[in-house]
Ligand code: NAP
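Just the one chain here, the form predicted on its own, laid out as structure tokens.
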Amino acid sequence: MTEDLDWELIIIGGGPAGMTAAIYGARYGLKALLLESKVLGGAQATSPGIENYPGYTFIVGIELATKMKEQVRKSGAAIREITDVRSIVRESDDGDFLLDTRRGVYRAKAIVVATGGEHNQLGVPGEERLTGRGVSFCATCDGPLFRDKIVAVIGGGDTAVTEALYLAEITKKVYLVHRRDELRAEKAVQDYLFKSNVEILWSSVVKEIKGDDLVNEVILENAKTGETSSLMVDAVFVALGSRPESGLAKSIGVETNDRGEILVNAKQATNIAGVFAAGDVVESMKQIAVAVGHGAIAADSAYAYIRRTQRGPIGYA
């Protein structure tokens, strides 16, 4: 069967933002295609439990991702998994976008970039194996799962300190593990930390995260003396920041901030006509509910753009 390469709307990225954009795009009557370099789901699929997504008091991340994927299929949007977009070019200033993939070169009138981001990792034994089983990269997402437990936050910047302060409100004990002897967070944030009951482990480097099925221990090394020690915890929150996957967008002139996050307006439109962005790749709060909202707005804006430039007067499907 010959691959259909001509589409009206192509969404790049299959997390919550991308899947929502695909659903809305298809419902608006657009010929919509969702491309994902791995499998649909995004970062939510690794969460052991989600308690802050409306409609569910608790749902395992992979279950929510599966439900979203089923809805994308039912909407009529096409899905191509394991399909990495290698490059994007535009035929002219207001022409079609050409997306090069292993399946061929897809053509689109408009695109939604929902490529998400990658959390910076420690790169130590046990981290990958125990992700979703006590290792987390989002305190707001997973913190309530460890209510009244003992947890460790790794990092020394604003994100690490604010997450430690948040966790201190709901957990039994919080350790902040930092490799240096001073924090990088803003002074005002540090002041709050020093007044809290968070215990700071200075000059400490994580060497290994241990646990059979769940996290139960962290091996630390003193950066000055080289001595190792054991810290018994129920969870490890790695708060070393993230890297937005915005390289493709930047290659066609999309503007980003100094962290690499895509800049959008209230319509999720970038500075490039016909290019919209949604989810963790944009400058915004990194939450599933926010990403879903972004996806809906981006698809709506893409529909309006296509109607205006290709089909004629705007009307909603």
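Just count from 1 along the sequence shown to find any residue number. Since the model is a prediction, treat every value here as computed from it, not as a measurement.
There is also a form predicted in complex with the ligand; it is not shown, and the following applies to it.
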Where does the ligand sit in the predicted bound form: which of 280-288, 244-252, 66-74, 257-265, heavy atoms within 4.5 Å? 280-288
Can you check whether R80 is within 4.5 Å of the ligand in the predicted bound form, heavy atom basis? no
Give a yes/no on whether L240 approaches the ligand to within 4.5 Å in the predicted bound form, heavy atoms considered. yes
Considering only heavy atoms, tell me if G157 and the ligand come within 4.5 Å of each other in the predicted bound form. yes
Can you tell me if H178 lies within 4.5 angstroms of the ligand in the predicted bound form, counting non-hydrogen atoms only? yes
May I ask you to choose, among L165, L130, L122, I88, the residue with a heavy atom within 4.5 Å of the ligand in the predicted bound form? L122
Out of R184, R107, K172, K207, which one falls within 4.5 Å of the ligand in the predicted bound form, going by heavy atoms? R184
Looking in the predicted bound form, are the Cα atoms of K187 and D280 closer together or farther apart than here, the change being 3 Å or more? closer
Taking the shown form as reference, the Cα pair G61 and T162 shifts by 3 Å or more in the predicted bound form and sits closer
